[in-house]
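The chain below stands alone and is given as structure tokens, in the form predicted alone.
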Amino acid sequence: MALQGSEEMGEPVEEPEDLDDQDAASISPAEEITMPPGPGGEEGSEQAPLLPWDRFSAWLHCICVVGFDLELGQAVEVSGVPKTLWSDMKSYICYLSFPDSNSGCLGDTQFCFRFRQGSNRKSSQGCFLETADRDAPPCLKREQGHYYGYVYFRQVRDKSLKRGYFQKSLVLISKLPYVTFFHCLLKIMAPEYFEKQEPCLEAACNDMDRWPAPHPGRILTLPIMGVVIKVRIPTCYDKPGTSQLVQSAQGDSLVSIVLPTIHEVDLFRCFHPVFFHIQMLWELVLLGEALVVMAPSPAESSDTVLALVSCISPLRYCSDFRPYFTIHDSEFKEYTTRTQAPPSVILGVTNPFFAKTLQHWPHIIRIGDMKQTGERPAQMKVKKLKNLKTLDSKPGVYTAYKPYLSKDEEIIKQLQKGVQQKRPSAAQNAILRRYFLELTQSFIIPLERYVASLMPLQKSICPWKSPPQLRPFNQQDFMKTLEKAGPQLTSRLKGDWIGLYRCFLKSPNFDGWFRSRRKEMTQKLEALHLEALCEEDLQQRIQKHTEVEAVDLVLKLKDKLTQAEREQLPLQPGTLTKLRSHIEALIRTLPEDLQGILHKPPTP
């Protein structure tokens, strides 16, 4: 880890005068750091030796400070990174870390962005996140091809500067979609950094390099700059819509902040400007429709995009989404071209230029300044796209889309009543999140039930034959199941559910969901096959075979063992121990020369 000096857009220049003359080794001298156990006491299972900055890299790729230079524009002034900060990454970070000039963000502003990982780039977090991904819920699995940028931007008047304003952003770059957690972290780090500069970042980086890895299911206590944050990373086994983080008075005496969630945004506040269209928006997101959010600031833009993506939870949104998108993005031409239909993506924009450039998009959400959630939302009709002339157009949803399902008036009335009775914002958010969860579950349960029927019976698994294959997904067979076992069993909503399913089956969200389910079920079959094999008396069976066949069986069992360990197959406890015992017992029945060969570890 090092603080690296001014890295700007374009040719190298001298460092700004207000930066300290620190060399590349001035932050967090990794060579001198010893790695104590994580403060959460959760690291006992990790036996592999840790290198300096391995723990830091499990959470972040890098920390950057982006300032504004009168001649160069945005520039990376300081970067704390365990690996190289690539030139294309610098470019994205510089442009996305500042609001558009028209946003007028005075004071402190927090938002996030997301950008595509360059080709042939390797993440610095892989060793930890392979394990973390296994038990994480779909929405919290690491990003394979994208990075998140979490920004704390400060703009205040300063007459001593030529521009008249102090403008700077502290940015955290990570593969982890822990939006709430990283925003909380920035609220602690950024004010301290703006006051004390680089030494403050050095302390923060050292603190993070002593954190336990972000393993799902564990309650972690994370010290940072004199503050202790307590979090729990959710698992895929948690009951949806619940938080299992409980604060205990005895153990939390040193804890400063307890975060009940690491990733959820306030849905009610985000959807407040388009309150009456939440169900239609749920359908558009579910079907992977091209959608653009036009907002007055990056904070409102990014929050709204993240709320849209999370409204179909626990289903993972599998298309691209950009919480804050600018004309400098590498995909700008790809996403704004009129020569082909808009791609399946959700964009959040603030630049007035997009009102004209994206006018051909089928679904546009225009939001004004987010009101206090205690104010009653105004009724807004869906507007025709041709009425959207500029970014100054009235707030609303501009689309020709006709929802498949009838409008749910009950949830609207329930939330309106909450506003009238001054129900706490957290309660309103919980009601809306529960509504979206139940709606998505009602939709996905028939699919889960049908896909489960594609699984072969356990009695068809023979240890001496290859594992049986899943039956293929047949759309017509699935549609037939909806008559008796469709969403009407769990949802009060009426409408064209069949039409909604037909459209969903063509979407990227279905493709991503089914690929994931098929992989899980295939691994389950592999696990059942391996467990059946381990229950056999292999030594007795091998007596009837030749030496060559015995060696072949040992090699196949070794391959099975390697696959089970690599793919973390869902095996019963003790299965791998049995398999190793079988392999060792079979090897002992062979001649000594073959035993020596088979005991050698495989070459990588």
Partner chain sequence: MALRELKVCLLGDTGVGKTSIVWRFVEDSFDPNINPTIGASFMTKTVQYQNELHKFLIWDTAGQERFRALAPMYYRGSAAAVIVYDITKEDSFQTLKNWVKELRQHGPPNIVVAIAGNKCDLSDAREVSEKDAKDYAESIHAIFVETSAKNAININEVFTEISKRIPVVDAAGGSSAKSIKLGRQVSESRKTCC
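Since the model is a prediction, treat every value here as computed from it, not as a measurement. Numbering follows the first chain given and starts at 1.
This next part talks about the form predicted together with the partner chain, which is not shown.
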query	finding
Stretch in contact in the model of the complex with the partner chain, which is absent here, among 219 to 227, 432 to 440, 457 to 465, 314 to 322 (heavy atoms within 4.5 Å)	219 to 227
Residue 210, heavy atom within 4.5 angstroms of the partner chain in the model of the complex	yes
Contact label in the model of the complex: residue 202 to the partner chain, heavy atom within 4.5 Å	yes
is_contact(residue 417, the partner chain) in the model of the complex, heavy atom dist at most 4.5 Å	no
Proximity of residue 206 to the partner chain in the model of the complex, heavy atoms at 4.5 Å	yes
Proximity to the partner chain in the model of the complex, single hit among 488, 359, 256, 481 (heavy atom within 4.5 Å)	256
The partner chain: the contacting residue among 196, 515, 422, 163 in the model of the complex [heavy atom, 4.5 Å]	196
